[in-house]
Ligand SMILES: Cc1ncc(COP(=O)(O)O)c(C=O)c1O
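Only one chain is shown below, in structure tokens, and it's the form predicted alone.
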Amino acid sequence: MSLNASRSWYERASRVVAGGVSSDVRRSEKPFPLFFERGEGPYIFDVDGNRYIDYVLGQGPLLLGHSPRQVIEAVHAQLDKGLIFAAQHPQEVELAELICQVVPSAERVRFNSTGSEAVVSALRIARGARNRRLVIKFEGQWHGWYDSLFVSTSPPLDKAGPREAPIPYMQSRGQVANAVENLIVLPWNDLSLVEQVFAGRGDEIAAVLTEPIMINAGAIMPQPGFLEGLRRLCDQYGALLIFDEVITGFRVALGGAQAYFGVTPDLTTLAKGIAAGFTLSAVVGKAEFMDLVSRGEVAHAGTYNSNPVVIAAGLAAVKCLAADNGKIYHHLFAMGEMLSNGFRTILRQAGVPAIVNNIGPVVQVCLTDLPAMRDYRDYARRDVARYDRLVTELVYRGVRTISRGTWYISAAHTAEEINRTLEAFAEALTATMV
């Protein structure tokens, strides 16, 4: 396999695009940032003409696969009508109604463009509702790259402080230092520590912000009772519970992780699963809190909010996911089980210690001696170097995946792609043992 054209484009890009990429996470592409021309179903094609089975899926948004026909047709139809109105339009209402039907916490909706915007909006609503400043967040959880939340997303363990009292870690030079003054950082899945914080500072805490499944750091499931415990504590102390479902929304169930677990937050952020790859996000929640926006007491604005083109994509995508009572999820979960079980068998037969987590169409592979992972600090101890070699070997076998171990599956993946992936995985794993 030749990657010469990609290498040439990367060198050219590095002269005019900072770092040769337009998002820092793309620097981790193996063996170097590749350049692509098109995608189709479960496949992506690079500028050298190589075809890959794609498990990156745009870092998650392509839940229906590349260029799903229903969505493309809806977008084409809207393009002939107009690109942006800076005004209201019927499809905006239709999509909001559909979201309110399927997402348990959704009684009102406001649309944004990115997940980061949606999370910042949710925090403003929570603080406005309670007139409090502090927000509890958890180590290893990504809620966007804005100063106010880009804290302890991936802290080096030697700078993270004790597990029982983490030291908030600023992820970037140039961040406003006092951002950490508004946050309380805790390890995930430890309800007793959350209880202690609430007992001491409950009247200062506006919200608890959490991924209901910690997808960005190990696809770690909540311990039994953890989400329910957060719900109870927020009710007890008058704080809002916010689920960041940018990844899990529409992916692990039509109603998101809150429907899957039966725990309803006060506010929810949605993005990656909502519009099949178009830049659309939303903050949704109970009317009691969202109506602070309705009345203009909490400000929310944006030129591109509810852009007709992306709303058309979102409406088509959610209709597709909801069709036949969410029948598509049976396929997504079956493919996830097939891939994860195959990985477990291959790793066990090769004698490579690993944990393979999966929830529906999200699979996580961590090379580790640990018997299980509970939080970010467990995930941070995985064998990163060997996994990077594995990802590189997979590229040369026509499989594209994410260096942090996450495998996203789309509705376009079939048993044929899964079987070919498992063959390539076994070969690539053997190559890392030489």
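Computed from a predicted model, the values in this text were never measured in an experiment. The numbering used is simple: start at 1 and walk along the sequence shown.
Form predicted together with the named molecule: not shown, discussed below.
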Scan Gly255, Pro361, Gly140, Gly115 and let me know which has any heavy atom within 4.5 Å of the named molecule in the predicted complex.
Gly115
With the named molecule left out of view, which of Ala219, Val310, Ala129, Val119 would have a heavy atom within 4.5 Å of it in the predicted complex?
Val119
With the named molecule left out here, work out from 142-150, 85-93, 295-303, 330-338 which stretch has heavy atoms within 4.5 Å of it in the predicted complex.
142-150
Contact with the named molecule in the predicted complex for Asp266, defined as at least one heavy atom pair within 4.5 Å: yes or no?
no
Any non-hydrogen atom of Ala276 within 4.5 angstroms of the named molecule in the predicted complex:
no
Does Arg110 reach the named molecule in the predicted complex if we count a contact as any heavy atom within 4.5 Å?
no
Any non-hydrogen atom of Ile242 within 4.5 angstroms of the named molecule in the predicted complex:
no
Going by the named molecule in the predicted complex, which residues of 61-84 come within 4.5 Å of it through any heavy atom?
none
